[in-house]
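Given as structure tokens, the chain that follows is alone and in the form predicted on its own.
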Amino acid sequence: MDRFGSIITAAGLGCFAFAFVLSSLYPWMITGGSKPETNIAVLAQDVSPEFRDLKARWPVAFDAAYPQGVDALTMQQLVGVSPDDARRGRSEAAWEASYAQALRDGRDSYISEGCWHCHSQYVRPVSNEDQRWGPVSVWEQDNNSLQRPMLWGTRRVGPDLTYEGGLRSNDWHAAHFWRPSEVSPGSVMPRYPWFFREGWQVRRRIDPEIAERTGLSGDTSYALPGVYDSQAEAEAALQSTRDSLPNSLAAESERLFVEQGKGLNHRGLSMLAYIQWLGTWMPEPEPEAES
């Protein structure tokens, strides 16, 4: 029995050593060839629509998290701006700089929060994983700075996230961070309330006729984008919204009010940006050599 135990111990240590060596060699093998590793600045040149949506939904937190994004214009803000306007060029540069920071910060948070313990980022060619998570992973997908260190995962308690980017909305992920079991019944993922900040929001009560027709309470409301640090800032935003309403929508003004609320903070925005990036990048294929 003692001999059997020694064999098991030696086998376990051997497997650990093999995995350690493989994890060390793999990055070297894929970066030591003819294709250079893609850095974050290049990755950020393709700004995802989900990241642009973050500024539209949480503008106050976005501007605080990414000061270089002050010139980044949303799709709504670009309406009426001509293609030759210099603001478009400044906007795109601001988007890329903000995206690069968000991806870097999000990857670091993903590691520090231990997400890689329960979620893998490597679809293996076994157990029909490609039918559940997507195409089997190839080394080209890992040949970039955001995949350092390798985040293959260990326990696989949660789903593989190799191709998570764009599969779900930003709202879904925000709700999932706040209380996972409400959007994913049976989930054992812990809550992440520190991804959120408390503040003040402008809200709008629904139209009384709609409330009656749909059976909703007349007090039902939804938040307008923006969570402000103080009630005074929220009241100023409320007044600005009222002033922008045309006369035909004067009744809307009476349904607007200010209330305490929550929204994503810097850490939450960056984590969401990183998760929405996963699986969306592949290097450009090299042109075939002429024969």
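Heads up: residue numbers just count along the shown sequence, starting at 1. These figures come from a predicted structure and were not determined experimentally.
Although it is not shown, the form predicted in complex with a small molecule is what the next lines describe.
- When contacts are defined as a non-hydrogen atom within 4.5 Å, all of Y192, M271 and I275 contact the small molecule in the predicted bound form.
- Taking the partner from the other structure, the small molecule in the predicted bound form has a heavy atom within 4.5 Å of a heavy atom of P180.
- Contact check for S187: a non-hydrogen atom falls within 4.5 Å of the small molecule in the predicted bound form.
- For E113, a non-hydrogen atom is located within 4.5 Å of the small molecule in the predicted bound form, even though that partner is not displayed.
- Although the partner is absent here, R107 is not a contact residue: none of its heavy atoms lies within 4.5 angstroms of the small molecule in the predicted bound form.
- Residues placing heavy atoms within 4.5 Å of the small molecule in the predicted bound form fall in a single listed stretch, namely 150-158, out of 208-216, 135-143, 150-158, 93-101.
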